[in-house]
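Two forms, one protein chain; structure tokens for each follow separately as structure 1 and structure 2.
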Structure 1
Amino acid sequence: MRIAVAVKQILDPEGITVNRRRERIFINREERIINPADKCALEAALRLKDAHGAEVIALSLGRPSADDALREALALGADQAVLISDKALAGIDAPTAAVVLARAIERLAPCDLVLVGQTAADTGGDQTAGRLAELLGLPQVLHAVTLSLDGERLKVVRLWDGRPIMVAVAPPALIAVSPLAPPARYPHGARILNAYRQMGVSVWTAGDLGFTAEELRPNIESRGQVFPPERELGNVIEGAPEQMAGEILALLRQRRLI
């Protein structure tokens, strides 16, 4: 079985704070990590590898620093790593990124499964999975939590509007793994060292994949940032329990917490 896993390197959101009053975003700690949902996807692939044997290929479309993300993937147990990186690819928009990734995946030897994280923790983007599935002509299972191979088919527990259901699909297929799926294992220390010292990461450029600069031009623009209002703290109310319960529920609804 061959499994391709697309991972994205992001700035750790834990190191970023948003000051609503000053309407500014501060990067307190600049650390790059593998997007958590992508790491869950990697773990799902590795569990299939442990149980049934598989070749796991990690790909990443990103800056040169994404090499570290791929080394981490190798340390976790991936067999091969491909970095798609090029000055020409800097600043491409999400739709184009999906096209580039799809072409890279097609360039690999045929895969039985393509795994990606459902959501990017930095941008909140969650359309790459569906786009990839369409471009690659694959059936899709989104918001996957657990995967298991049952004969020829893959059985997946996935969330549908927050509720877990079971589905089955025959490979080849694309699975988008939820950040609520089991987190990745710890990489073995020796594998960490070997991932850097002995293993290699192939690097593909936009040219290698046959893209022209024109094709990579971004089509989506930003019109700026909007900041939610500052939290208003210290608002105290008093009254009968039923009335208080009503106020609490109103706040929860307003904040979309229920």
Structure 2
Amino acid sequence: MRIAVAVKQILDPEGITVNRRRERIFINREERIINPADKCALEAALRLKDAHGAEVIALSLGRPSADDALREALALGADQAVLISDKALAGIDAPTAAVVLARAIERLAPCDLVLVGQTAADTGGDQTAGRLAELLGLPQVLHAVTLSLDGERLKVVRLWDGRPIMVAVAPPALIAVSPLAPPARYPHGARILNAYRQMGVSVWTAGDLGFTAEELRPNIESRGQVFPPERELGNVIEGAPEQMAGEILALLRQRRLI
């Protein structure tokens, strides 16, 4: 079994503060980490590797510093790492990023499984799974928590309306792993050293994947950011149910909502 895992490097959200009044985002500590859901996806792939001897390939699209995220993936147990990095890819949007990732995965073919994180902790976006599945022509399972191989079928426990259910899918398939899935293991000290001393990260450019400048043109134009107003304190209403109902009605009438 060959498994490709998409890994995104993001700014640690704990080092970011949003000031709604000043309409600014402050980066208090510029520390980059692997997106938590992607790390859970990597752990799911490594568990399949432990049980069935799979080959795990970590794949990332980003700036050259994403090399650190991929070396962390190697230290955790990935067998190969590929970084797609090019100045021509700077500023691409989610649809274009999915196209780039899809072509890279096709270049890695054959892949029995493609694993991605369900959501991105920096943007809150969750478009990657659906877009990749469509581009690659693969069936998809979302919000996966655990994966296990049963013969020729993959059994996936996924969340449905907050409750776990089991589904089965035949590879090749794409699985989006929930950030609520089991967290990643701790890497062995020797693998951490080997990830920097002995293991390599392959770097692919847009040209290597056969992209033209026109194909990489963003579909979405960013015109700035709009911040919601600061939250206002609400009214605390206490007393007997009849009294509270009366006060609520009075407030609604005062604000002309009824």
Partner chain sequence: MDLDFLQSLMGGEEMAAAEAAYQDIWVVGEVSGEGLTPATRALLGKARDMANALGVYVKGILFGAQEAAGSEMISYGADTVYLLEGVGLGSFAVEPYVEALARQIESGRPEIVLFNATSFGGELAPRLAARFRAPLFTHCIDLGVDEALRALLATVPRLGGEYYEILVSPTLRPQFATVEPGVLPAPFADPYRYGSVEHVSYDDLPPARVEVLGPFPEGLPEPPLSRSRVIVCVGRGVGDEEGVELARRLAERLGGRLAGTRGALDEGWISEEQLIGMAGQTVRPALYIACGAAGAIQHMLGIARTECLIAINTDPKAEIFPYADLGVVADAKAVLEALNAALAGGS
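Definition used throughout: the rigid core is the maximal C-alpha set that superposes within 1.5 Å between two forms. Fair warning: this is a prediction, and the values are worked out from it, not measured in the lab. Structure 1's sequence is the ruler for residue numbers, which start at 1.
Remark: the form predicted alone is the source of structure 2; structure 1 originates elsewhere.
Core-aligned CA deviation for residue 244 between structure 1 and structure 2: 2 Å or greater. For residue 253, the CA shift between structure 1 and structure 2 after superposing the rigid core equals 19.8 Å.
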